[in-house]
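The chain below stands alone and is given as C-alpha cells, in the form predicted alone.
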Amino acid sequence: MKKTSRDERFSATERKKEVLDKLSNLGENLYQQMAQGNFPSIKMPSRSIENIYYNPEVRQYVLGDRTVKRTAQNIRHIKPFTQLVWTGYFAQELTTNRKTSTLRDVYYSAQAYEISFQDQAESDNVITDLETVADCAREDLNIFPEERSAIFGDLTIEYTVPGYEGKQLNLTSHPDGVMIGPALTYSEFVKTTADKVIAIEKGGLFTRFIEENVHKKYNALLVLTAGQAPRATRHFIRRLNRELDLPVYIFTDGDPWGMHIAMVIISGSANAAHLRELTTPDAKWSGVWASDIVDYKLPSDPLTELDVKRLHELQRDPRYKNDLWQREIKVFMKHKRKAEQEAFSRYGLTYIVDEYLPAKLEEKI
C-alpha cells in the first residue's frame, strides 16, 4: 500500500501542533500590537471575486496577492474583528481539547460568550476568514459541517481519534455505508482490494449499487456525495486517489448541476480558492452525460431557464474548457433536456449496473 506523503497529510499529533502554533501566533501578534499601544489589526488574503483566478498548473481556483485589513481602530471593523478573534479562540479550545464542533454549533456557542452573529451564514463566513488567516482548513480547526456522505467497500481503516486509536474497521461492515465524518477523514488506510473509486451523487443509486454488489463486481469503493460533496468528502476522495493510486469515476444526474458536482471534485470551487488538497484533478466525470440522454433514449425533462443560464456560465468557466465538457454543454443546449440517474430504470432495475456502468468504466475520455 502506498505510504502517505508528508505534504498530503500530517499525523494527528503533527497536525494538532501545527494548528495550535498558527492560532497561538495569531493571538501573540494581537497581544504584541496592544502591548505597544497600538490598535490590534489582522491582515488576511482578500476573497473578493477580483482576487480569485484559475491556475491551470494546479487545476483549481486560487487567491491572488490582494489583502484586506481589519482593525479595532475602525468602528465598522469592530464587530467582524471581534467575531474573528473569538472564533480563533474557540478553534484553539476545540483543538487543544481534541473536540469537534459543527458549523451550527459554532453559531450557537458564540451566544454563550455574548458574541453576536446575525445568522449562521455570517458565522460560516467568519470561519472561512479564519481559514485564510491561519492558513488551514476548518476541518483542521476541528470544525465540520453536518455530515451526509458515506462510503462502502473493501477498505480497512484504522482510527486515530481519541478513544479509538488503533481500532480497525472494514468499510463493508454496515449495509448502508459508513459515514464520512471526522473520525474516518483522519483515519489510516490499512488494506484494500479495490482498484477504483466510484463517486455517486444520489443516495438511491448508492443503495442500489450496494444491493447489486457493485463493490465486488467492479472491485470498487463506493462513495455517496449526497449532492455537492462536502469538503471532508472531497479531501477523502483525494486521499483514496493519491495514497492508494485508485482512479476515481464520478456519476451524477444528467443536468448542469450534476456536471458541476463532478467538476468541484475534480477542480475545486471559487469558495475554497484559499485551500489545497480538496481536489482530484485526474478524476473522471463518467456520466450521466447529455449525450447519454440521447443515446440511451432516457426519460427526460425540459431544461428550465435557470438550467440554461447555468450552462452559459459553465461554458465560460475556465475549468470547462476541455473538449468533453464543451461537447456535453453543447448537447444540453441543443436538445434542452435533462435526466436523473434513476432514468435508466426504464430498462429494468439492474440495467444501470449490468450495462451502463461497465460501458462507462471502459470508455476512454
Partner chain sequence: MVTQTFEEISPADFFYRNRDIAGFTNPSRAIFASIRELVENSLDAAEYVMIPPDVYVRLSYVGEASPESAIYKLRVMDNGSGIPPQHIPSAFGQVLFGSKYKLKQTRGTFGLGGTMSVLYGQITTHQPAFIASSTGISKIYMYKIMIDIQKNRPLILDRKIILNKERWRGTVIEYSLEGDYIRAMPKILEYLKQTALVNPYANITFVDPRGRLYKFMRATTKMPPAPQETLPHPYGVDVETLQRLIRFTRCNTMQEFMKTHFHRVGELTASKFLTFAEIPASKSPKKLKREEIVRLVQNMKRFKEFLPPDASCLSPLGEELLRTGILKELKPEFTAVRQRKPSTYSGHPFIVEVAIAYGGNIPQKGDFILYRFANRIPLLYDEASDVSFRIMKGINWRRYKISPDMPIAILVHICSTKVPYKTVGKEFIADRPEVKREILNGMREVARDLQHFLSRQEHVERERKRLGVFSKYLPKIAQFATKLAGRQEPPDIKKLLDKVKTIEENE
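Everything numeric in this text was worked out from a predicted model, so none of it was measured. Numbering follows the first chain given and starts at 1.
Below, we refer to the form predicted in complex with its partner chain, which is not included among the displayed structures.
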Is there any non-hydrogen atom of Thr304 lying within 4.5 Å of its partner chain in the predicted bound form? no
Report yes if any heavy atom of Ala339 sits within 4.5 Å of a heavy atom of its partner chain in the predicted bound form; otherwise report no. no
Partner proximity in the predicted bound form: Tyr53 to its partner chain, non-hydrogen atom cutoff 4.5 Å: no
Residue-level question: is Leu324 within 4.5 Å of its partner chain in the predicted bound form, judged on heavy atoms? no
When its partner chain is placed as it is in the predicted bound form, are Gly27, Gly37 and Trp86 each within 4.5 Å of it, taking any non-hydrogen atom of the residue? yes
Heavy atoms within 4.5 Å of its partner chain in the predicted bound form: which stretch in 71-79, 209-217, 94-102, 245-253 meets that? 71-79
Can you work out which of Leu171, Ile115, Ala194, Ala232 has a heavy atom no more than 4.5 Å from its partner chain in the predicted bound form? Ile115
Residues of 251-269 having any heavy atom within 4.5 Å of its partner chain in the predicted bound form, listed in sequence order: none
